[in-house]
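Have a look below at one chain only, the form predicted alone, in structure tokens format.
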């Protein structure tokens, strides 16, 4: 079956399943995301939205924004019910957020930050080797794309604000990879899961870069909800059960994930320690 026909069949099956469930009046669930690694983001989010609507028996709205900061503001202003967030903003707002689920990557709720450089740079081993170079960060609220490299610079005893000739934010891990591959930047910090996934899906892109350093493991970016809202138990259950249903497994495969786990706040202790160290 060709990919287009398979997607149409999935959509039809989802619509039939939703129509077959008893209708109930319920407010829509608003779910915030930042740009993901997929080429067809709109199509994927629409498929995920339909899946969640079937499982939750309520309308779901997917709202995509270009930065974690926009998602954080929307959560604070009660314009979102839940969001797929990075661990760094989660630890700063965890008194106002409920941890719903954590993705499983290679069987674990963990990932790393990667320091990447152009493929023809065979010398760089750590971030301190990039003094006076141009460096690409992904997002100022990203653990892997900003906090981790800043902590490594501080541990090395250097001033991160003056260390590079120039630094800039790309607002996307994929664009950090593109910047390094094209030579626009001589180094960058990215989510290791995203680099690994793109290496599988688009080796022509990551092939222009080399992973020079891998951080310790941190808790994978979680799905969270505002504290006190209704329906979080149902959403958690829908996420945890994704790996048990054929449509859910299809969505997870497209994300290069194994499933979701309940997770614990302790997963993010390492990120919180780094945040407090950088502030101290």
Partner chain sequence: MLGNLSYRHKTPLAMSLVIVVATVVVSAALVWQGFRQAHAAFTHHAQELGKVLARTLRPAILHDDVWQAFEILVTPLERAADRSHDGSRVLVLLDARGQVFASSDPRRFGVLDDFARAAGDPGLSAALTGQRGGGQLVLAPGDGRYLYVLTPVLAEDGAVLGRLVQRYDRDLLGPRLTQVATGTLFAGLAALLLLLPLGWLAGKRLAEPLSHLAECLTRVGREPVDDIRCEFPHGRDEIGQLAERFQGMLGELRNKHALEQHLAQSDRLAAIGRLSAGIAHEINNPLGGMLNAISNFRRRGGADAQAEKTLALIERGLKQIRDTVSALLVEARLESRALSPDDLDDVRTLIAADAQKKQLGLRWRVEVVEPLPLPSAQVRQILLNLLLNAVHASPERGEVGTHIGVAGGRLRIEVGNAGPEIPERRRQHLFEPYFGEGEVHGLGLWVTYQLVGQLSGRIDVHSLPGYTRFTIELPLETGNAD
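Since this is a predicted model, take the numbers as computed values, not measurements. Numbering follows the first chain given and starts at 1.
Note that the form predicted together with its partner chain isn't included here; everything after this is about it.
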query	finding
Candidate site 73, 78 and 92: all three near its partner chain in the predicted bound form by heavy atom within 4.5 Å	no
Its partner chain contact in the predicted bound form: residue 171, any heavy atom under 4.5 Å	yes
is_contact(residue 203, its partner chain) in the predicted bound form, heavy atom dist at most 4.5 Å	no
Residue 182, heavy atom within 4.5 angstroms of its partner chain in the predicted bound form	yes
Residue 131, heavy atom within 4.5 angstroms of its partner chain in the predicted bound form	no
In the predicted bound form, segment of 104-112, 189-197, 152-160, 118-126 with a heavy atom within 4.5 Å of its partner chain	118-126
